[in-house]
Each structure stands twice: as structure tokens, then as C-alpha cells.
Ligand code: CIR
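The form predicted on its own is given below as one chain in C-alpha cells.
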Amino acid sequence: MTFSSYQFSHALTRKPGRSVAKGLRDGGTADPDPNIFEIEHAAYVAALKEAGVAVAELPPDEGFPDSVFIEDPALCLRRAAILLRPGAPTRLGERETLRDSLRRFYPKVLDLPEGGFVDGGDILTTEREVLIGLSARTNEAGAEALRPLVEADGRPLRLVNTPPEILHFKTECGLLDEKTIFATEAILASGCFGDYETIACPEGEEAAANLIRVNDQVFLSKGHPKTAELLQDRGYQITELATSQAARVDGGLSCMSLRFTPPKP
């Protein structure tokens, strides 16, 4: 079965709720404005569609303020979807809210066994492997429980360490194509990317590293001109999107959608 880590036919998103201001966050940032967040999220969904993705939009879930960040409770592979166990206790219930939606696209929806925790924001899928960054939200027990589920899908899983000051592995790295990863100096210094080609994020624009490749487009958060110029000079097509409100609750581009190509019957 052919597979691409950045070519997608479908995506799941969830609209931000009015309760989003109660979402988890590390610092003392201002509350997100639900109205502005809704506008920015709608532009994000429109960009997915413009990139050729069929988007299934789920309604807000006020019981889970962080549920707009739909990538964290699940992992979509080529043959199966896996319901993860987010590392924040307030987010554990989000996985069940996705089960029926994922069953629309996947004949196999699996559960990460109990005993550990994994956030989707710590998982970077490439053509040849699945990288999982250990972090405050993903522990070794969870990663090892995930290993047989991932490897049964046809690729090895490799554990790496996320620098302790970074919330999620993908907060500061993203896949540009099958052999190239864009990342901050903090993650590059760990040497975790081995023989992948890497592009270093310009100093002062570290928030730009949470980018995503969607078909022929690279989605990039607005406000990072040096990164935009660097990537355009490398031949990538850029779509710049506002993420000001997601950033207030430690979110970004990668975590606001589950992107996948459903398996053929």
C-alpha cells in the first residue's frame, strides 16, 4: 500500500468552543477570544479545503475546552486509527468523542492500552518511521504500548527526547517532505533526526517550526517573515495562517486537524 506522510485526502477538525479560555496553558497569556478564534479556525479549514482535502468539521464540545486541538487524542495511520491517552487528565475523555467519527473512515479503530500516556502532538510521522518525542504529556510506558500498534501498520517507531522546555515534540519541528524536517536549533541539537535533511528555523521565529505540509502547500503561522522567505527560496509553496488565539492556549497548526487518507476497502 502506498503511503505519504504529507499527501492527504481527508481531515477531521473540531470548531473551538466558548469554553476554550479554560484550556490548558503553560504561561500567563491572555485568554483567547472565542470570536477571533472561530474566524482563524474557519480560515484554517478553508485552507485545508483549498489544498484539496475533504474536511469533516465536528461541532464544538464545551465539556472539553482543549478539544479544538483534535490531533492530540488520536493517531491516523494507513490501515488503522488509534485512540491515544492524552497526558493531561482533563483531556482523557476526548478520545471517546472521536471514536464514531473515525469509524466513518477506518474499519479498524484501536485503543492505546492503559498504563501510559501519549499525545498526538508528540508524534511525527515520516515515510520510513514514526518518531515519538517523550515529553511532559507522553511517557515511555505510553510510547512502548503504542509501538506494536504502529509497527503492525508497517513502520518502526523510534523514541526521542523532547527538550524539557518544549511542550510537545511537534511544537518546534515539522515535516516538509519525505526527507526534510524543519526544526528549531533546540531540537536539532539533540541529534534526533539522524540522516534526514534538516532546515533550521531562523532565530527569533521558533513558533514558526510548528508548520505542516498538506499536499502541495506548507501551512505556516503568520508573522514569521524570515521563515516564509527561507522556505519559498527552497521551492516550497507557503500558505500563511493566523494562529494568534490558538497560541494563547499552547496550540498551533499541527494540532488543529487529524489529516489522513482512509484505507481502501
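In this text, all values refer to a predicted model and were calculated from it rather than measured experimentally. The numbering used is simple: start at 1 and walk along the sequence shown.
Note that the form predicted in complex with citrulline isn't included here; everything after this is about it.
Under a 4.5 angstroms non-hydrogen atom cutoff, citrulline in the model of the complex has residue 171 among its neighbouring residues.
For the chain shown alone, residue 149 is not a contact residue for citrulline in the model of the complex, no non-hydrogen atom being within 4.5 angstroms. Citrulline in the model of the complex comes within 4.5 Å of a heavy atom belonging to residue 24. In the model of the complex, citrulline lies farther than 4.5 Å from every heavy atom of residue 12. Segments offered: 46 to 54, 192 to 200, 230 to 238, 65 to 73. Contacting citrulline in the model of the complex at heavy atom distances within 4.5 Å is 65 to 73. Contact with citrulline in the model of the complex, judged by any heavy atom within 4.5 Å, is made by just one of 124, 112, 181, 167: 167.
Contact here is defined as any heavy atom lying within 4.5 Å of citrulline in the model of the complex, and by that definition each of 91, 251 and 255 is a contact residue.
For the partner-free chain shown, nothing in 218 to 242 comes within 4.5 angstroms of citrulline in the model of the complex, judged by any non-hydrogen atom.
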